[in-house]
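We begin with a single chain expressed as structure tokens, specifically the form predicted alone.
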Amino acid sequence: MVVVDWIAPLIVVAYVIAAVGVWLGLWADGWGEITGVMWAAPSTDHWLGTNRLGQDILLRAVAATATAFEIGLLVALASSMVGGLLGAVAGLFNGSRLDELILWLKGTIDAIPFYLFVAAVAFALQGHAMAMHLAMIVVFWTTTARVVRAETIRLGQSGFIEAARAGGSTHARVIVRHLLPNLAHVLLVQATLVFVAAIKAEVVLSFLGIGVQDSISWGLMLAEAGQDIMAGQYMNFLAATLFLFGLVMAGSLLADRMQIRLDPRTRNQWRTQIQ
């Protein structure tokens, strides 16, 4: 079990190093350059071969890692902040009209098909670079808010919250000083899950042509791979699929382990298992 705990973080760290290297210009800088012939086989010059245009597939897959992290981190942080705040407010005012309003808003957003909503936002913003990010944030905060609301209702019955209220603390102070610190583990796990969900959504949207436009992503590589597969060339498809699978699987496992180790209700059980 201890070995499994280390596998996911190590894989995620490897992806982080790859993304940071791209941001710093250390590698994959020439992902868009034509450096070989069409559909070149894997070699020491092109470890995963080239695509239809003669571009290095490995460089494009590594560069797409940075794109995945840019989108995943932004959406995860923003949606966790929005969902955490609205969920805490709804839980603190449980049963009030404000709680009902937040629940109604959440239910309305959840009822809209995600990809249809993204397409509508992209059309409304006329192809703005942040259209996909905004649509994801608007959609993904709802799950975080639901979890945070339930946890806030539970914490609201604790002695320290009642003591803070009896001491004259304002609602804002109760949320900032008492609720959010005790919800940190919930927000961290939810942010990790949203990070993974955002990456998967970006790949699908880019594959459909309404996602990343001015960069490279695994979704665009999969879209390009359609013509490659028709010609019997699979490296473009395999590279994008394996890179995506590795990050999504490691992120999901990391979220599960964080849930077990950070949640007070399961932490003692985990410690007993490893002893």
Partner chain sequence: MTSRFELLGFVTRKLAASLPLLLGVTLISFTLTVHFGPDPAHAMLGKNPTAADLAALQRELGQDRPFWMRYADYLHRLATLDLGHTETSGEKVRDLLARTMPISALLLAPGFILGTALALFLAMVAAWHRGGRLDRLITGVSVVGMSLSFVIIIIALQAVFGVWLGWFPVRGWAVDGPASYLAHVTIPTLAFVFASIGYNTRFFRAMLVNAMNAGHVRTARAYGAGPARIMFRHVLRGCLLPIMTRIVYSVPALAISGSLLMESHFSIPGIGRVTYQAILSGDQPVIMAVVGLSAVLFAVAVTVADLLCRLADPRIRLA
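Because the structure is predicted, anything quoted here is derived from the model rather than measured. Residue numbers count along the first chain shown, from 1.
Beyond the structure shown, there is the form predicted in complex with the partner chain, which is absent from this document and is the topic of what follows.
V121 belongs to the set of residues with a heavy atom inside 4.5 Å of the partner chain in the model of the complex. Taking non-hydrogen atoms only, L48 never approaches the partner chain to within 4.5 angstroms in the model of the complex. Within this chain, V204 lines the site of the partner chain in the model of the complex, having a heavy atom no more than 4.5 Å away. Although the partner is absent here, D110 lies within 4.5 Å of the partner chain in the model of the complex, judged by heavy atoms. Contact with the partner chain in the model of the complex, defined as any heavy atom within 4.5 Å, is confined among 155-163, 112-120, 77-85, 172-180 to 112-120.
For the residues A28, A40, A66, I210, the 4.5 Å heavy atom test against the partner chain in the model of the complex is passed only by I210.
Along 230-254, these residues reach a heavy atom to within 4.5 Å of the partner chain in the model of the complex: M230, Y234, F237, T241, L244, F245, V248, M249, S252, L253.
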